[in-house]
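Next come structure tokens for two forms of one protein chain, structure 1 first, structure 2 second.
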Structure 1
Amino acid sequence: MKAMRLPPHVMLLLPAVILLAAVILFPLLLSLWSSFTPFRLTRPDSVWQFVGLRNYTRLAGDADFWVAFGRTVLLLTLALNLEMLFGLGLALLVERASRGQRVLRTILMFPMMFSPVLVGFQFKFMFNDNVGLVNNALQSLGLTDQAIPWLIDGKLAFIAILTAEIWSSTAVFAIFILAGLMAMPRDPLEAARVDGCTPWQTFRYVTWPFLMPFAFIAMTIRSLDVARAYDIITIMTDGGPAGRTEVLWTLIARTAYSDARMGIANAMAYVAILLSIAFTAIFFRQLAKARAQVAADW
């Protein structure tokens, strides 16, 4: 009897495994299959028609897709790096503050609570060419007398989206790096000062190596849901006007639901999934490395 029972950790993990297999893994396999078919929602039979890599070869030659892909990677790279930088700056500022740390920390978490849809809406409002806060302010200050078409011009819209994205997610980095700063042992810092390090050297050789795992945790968490940018973009521009802010995710939604071309949308989705997994896997690896290093040093 006893030998028949599963080990406890298997029992404990089983529900999670079953659920994820059923709700994530199985649909993904289906998605993989349908990316090899010319499946259209309007013609359900087409899901059984195998066309090999035709969808993928078509994607490979599709300029619109590659532009959207490039824009997505650019957006993510810019956003993640800037968020990291700003987050670090914010954390250092808050840590220096002599008073009101609790309040500051709470304010820091503020944007984290906003759902991406809200962020999108909020910035759509602020960047509105007619009634938006940004144009109103620029006009009142006399910097311009025109209504700047923030969400209509491709480049400006990209900047507006990037701003919204950074506003909403810098908090993640700031909070984790701040947690790292708080957890940091004082002795090495004081030793560095006594040893004659400049503040920059202290930061570079003592503080930053210690903070690295915290920054990578934030990176990892962020990379888990980079696709949240979809929500923001959908609300702000919905990829438009005329595809000028199209990213991978909005393109998928449009192809699948507006055009009902599920097959090719699934092929795109697979590219998007692999992109996300690549981002996460990189940071997870870095996280493990940074952890090991800090564990060895401290």
Structure 2
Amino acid sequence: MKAMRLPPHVMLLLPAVILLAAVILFPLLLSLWSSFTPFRLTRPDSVWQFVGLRNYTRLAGDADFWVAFGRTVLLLTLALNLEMLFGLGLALLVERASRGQRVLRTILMFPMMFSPVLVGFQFKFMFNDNVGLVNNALQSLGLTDQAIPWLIDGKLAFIAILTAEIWSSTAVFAIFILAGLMAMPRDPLEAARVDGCTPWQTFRYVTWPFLMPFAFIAMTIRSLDVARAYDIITIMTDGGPAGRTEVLWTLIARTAYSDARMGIANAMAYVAILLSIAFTAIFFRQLAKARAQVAADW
């Protein structure tokens, strides 16, 4: 009996498949299994004690988890909307520039080149209450006569984190929307001007509907980033003060590594993944509607 031989293309792909299974699939399945166990890093044998949905039901009554969940949704909502507004403004300005447009497009991409860790350290220094650039600028302009505790007050710390997120990622929206502006046909704009439309009416009924698919693509990409926000928040506040800037992934990291409760941390992680999937599904649905509208109008 002849041994079965795999096709050559399967043999070529086999090492990559094995590597992906070892690096991605196995850890994913292990984390999913451990979310149904009382697994603690201090008790490795507990990973084999199946407890069903106990970790998930415990999360339903965990106030800290739901506060972090709500704060994550708030950060996601504010960051995405503000980034879209600022990105739209930057894209419109760059598109109208008569000279140096290539240079401006290159400058737009600079914030994206910095790692989130570096952005966190940069804004932590800028919002420092003693030597920070923000407080020094406000005091120099006479807007305040005392240092503002940006990273010590809970509400101000959230604003500082939001500012860092917006600065680092507004370029994503600007680049996508600028691509839409550059791909947009000129004939409908000329027709709107001939019909006597104001600049606002032209933007509202002609330009923006065409740009919406590009904006929703950027929102989909950014929603995944913000939903798993960790680096900037950890560097700037580490979830403080007193947990007032704690989001899902900083809470998950604290539960898993500081408290060594890996089982319930993995349960939190899968709830966070479901949050990301939900927002992605919403934006994909809006993207499909926007594309259908553009196809119907144009």
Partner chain sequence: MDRNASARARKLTSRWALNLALFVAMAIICLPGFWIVLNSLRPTVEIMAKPPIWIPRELNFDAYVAMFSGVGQGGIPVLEYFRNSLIISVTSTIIALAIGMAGGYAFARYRFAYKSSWFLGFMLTRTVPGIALSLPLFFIYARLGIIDTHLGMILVYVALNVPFTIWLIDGFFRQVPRDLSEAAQIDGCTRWQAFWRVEFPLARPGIASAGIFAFLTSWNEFALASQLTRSTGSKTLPVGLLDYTAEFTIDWRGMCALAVVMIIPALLLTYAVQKHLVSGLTSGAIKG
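C-alpha atoms forming the largest set that superposes within 1.5 Å between two forms make up the rigid core. By convention here, residues take numbers in order along the sequence of structure 1, the first being 1. Since the model is a prediction, treat every value here as computed from it, not as a measurement.
Looking at the condition given, the form predicted on its own, one finds it describes the source of structure 2 alone.
Residue 271: CA moves less than 2 Å between the two structures after rigid-core fitting.
Residue displacement note: residue 28 has its CA displaced by at least 2 Å between the two structures (rigid core superposed). Taking the core as the fixed frame between the two structures, we note the C-alpha of residue 285 moving 2.8 angstrom. Look at residue 18: with the core superposed, its C-alpha moves 6.2 Å between the two structures.
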